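Below, in structure tokens: the form predicted alone, a single chain.
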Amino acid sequence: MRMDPLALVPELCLLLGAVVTLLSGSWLPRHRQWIAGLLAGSALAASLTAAAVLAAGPDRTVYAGTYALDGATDAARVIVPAAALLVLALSAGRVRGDRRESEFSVLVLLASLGSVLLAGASDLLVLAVAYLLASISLYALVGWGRDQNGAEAALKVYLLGALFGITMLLGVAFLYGLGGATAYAALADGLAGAPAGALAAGTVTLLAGLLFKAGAIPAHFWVPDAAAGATVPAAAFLTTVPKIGALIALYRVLTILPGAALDWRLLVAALAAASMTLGNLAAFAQTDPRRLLGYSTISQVGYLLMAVAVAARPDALRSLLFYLAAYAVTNLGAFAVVAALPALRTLRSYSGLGSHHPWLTGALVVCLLGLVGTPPTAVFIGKLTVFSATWSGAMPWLVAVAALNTLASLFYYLRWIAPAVTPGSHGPAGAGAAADHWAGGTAVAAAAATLVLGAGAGLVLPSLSDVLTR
């Protein structure tokens, strides 16, 4: 077995950061709990820095081929800590002074570690462990607010997570029995002669857990309820970070399956079309911005799954990684606006926001139009590259469905934007209430980042890898 602990420095930074944050939070008085949050932020920054340094190394696997160090893992190591840092920044005002302030940071670190491990897993057992680590932290994070809505959302996420987790473990057992191995490299050879029916059963059950983490159909039921019931910072995290690890893991595990025995590409394409269509249609009638963003994130998973459906194409992985980065910063920016004005619980209550908070309104417009896929935002480039890869992958029907869904999504995003930017409109809840400075600053920074990432796509895209290692 090849032992290379230095290769896992980014993951170790997250783990040690969680331990140090938990211990420091246990001993610090409540008015100094911010020190624990600072330690958590430092751990995320250290992980991000180590990932950037190690990205220059060669692609390889470590620990008997159970963990892959390649371009996809490098991207997850960068995107996940960066997104978690944004979540900690937008949560500063909400968690400050809470007696469980440090626990929020610990849960963010552990869930981030689970997401990174999901992305790098090259063995079914590592995949299962990473799923459990990411899921258990998420359950606690959803219920962190300790109110009735949070408890109900946490229970729903827990029950569905347990169900799909058990189903996923059943898939692991199925594929191990068929392939005689759990490492992806050996499994790819072992599954070549497997019966098609048994292989289909093992694949579908294995995918159940990853679809739950991604918030895609048919494992999407928890997303809108959790987004509305959890605290806004927790909702921002759970609709963003788990998707990064889950979709890369999905891409990685599907590429080892023999295409001759099972047409998994058509299955993923159908799930992509269903996710984007249902998410958009359900978002039409939403009046709560959190539930709207919850259904929005289901539709975004549909677009992301398009890249997975054409995973055999050389540009599919690159487009997926860029779209994940673009989606993360844009979705967190939209949630940061909601976090900055927590009293505004309906779309109508945002009326007149532009008169009172022009910077926040600008960030909201950029992020919502970014989620639609409007140039020059980063999501526009992400969608463009995913659509291009899907078209080249002989699935023009899926591109047509995605284009229609993109057009339809403009309607419900404009339902939010229009009252906010209309001069002279005033909502019943008072859009002139003071904004949370931490969340407001994060929203503006995220909106700026999505524009910068979109403008710099020409430099970022060539630096992303199109090769997976196993």
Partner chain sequence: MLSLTVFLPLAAAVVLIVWRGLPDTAVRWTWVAVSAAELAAVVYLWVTYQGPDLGHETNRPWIPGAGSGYHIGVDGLSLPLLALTAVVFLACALYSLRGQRDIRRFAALFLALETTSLGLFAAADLILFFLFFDLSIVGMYFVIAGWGHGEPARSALKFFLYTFLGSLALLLGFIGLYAASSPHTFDMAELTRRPPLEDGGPAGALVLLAIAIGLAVKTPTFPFHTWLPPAHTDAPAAGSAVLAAILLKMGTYGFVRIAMPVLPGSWRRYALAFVVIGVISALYGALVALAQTSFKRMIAYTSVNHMGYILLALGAAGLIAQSDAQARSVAVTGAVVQMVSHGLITGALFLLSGILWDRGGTYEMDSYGGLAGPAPRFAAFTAIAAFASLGLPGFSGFIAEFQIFAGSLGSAPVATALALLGILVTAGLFLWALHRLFLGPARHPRAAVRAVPGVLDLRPAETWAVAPLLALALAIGVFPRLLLDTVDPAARTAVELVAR
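Since we're looking at a predicted model, the values are computed, not measured. Numbering follows the first chain given and starts at 1.
Separately, the form predicted together with its partner chain exists; it is not shown, and the next lines address it.
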_Options 50-58, 28-36, 440-448, 407-415; stretch whose heavy atom lies within 4.5 Å of its partner chain in the model of the complex_ = 407-415
_Within 4.5 Å, heavy atoms only: does Ala45 come near its partner chain in the model of the complex?_
no
_in the model of the complex, Thr374 touching its partner chain (heavy atom, 4.5 Å)_ = yes
*Hey, in the model of the complex, does Ala455 get a heavy atom within 4.5 angstroms of its partner chain?*
yes
*Do Val399 and its partner chain come within 4.5 Å of each other in the model of the complex, heavy atoms counted?*
yes
*Kindly indicate whether Leu250, Ala283 and Ser349 are, all three, within 4.5 angstroms of its partner chain in the model of the complex, using heavy atoms.*
no
*Answer option from Phe221, Phe380, Tyr139, Phe174, heavy atom within 4.5 Å of its partner chain in the model of the complex*: Phe380
*Note which of Ala82, Val129, Leu160, Leu369 lies within 4.5 Å of its partner chain in the model of the complex, where distance is taken over heavy atoms; exactly one does.*
Leu369
*Could you list which residues of 301-331 come within 4.5 Å of its partner chain in the model of the complex, counting heavy atoms only?*
Asp315
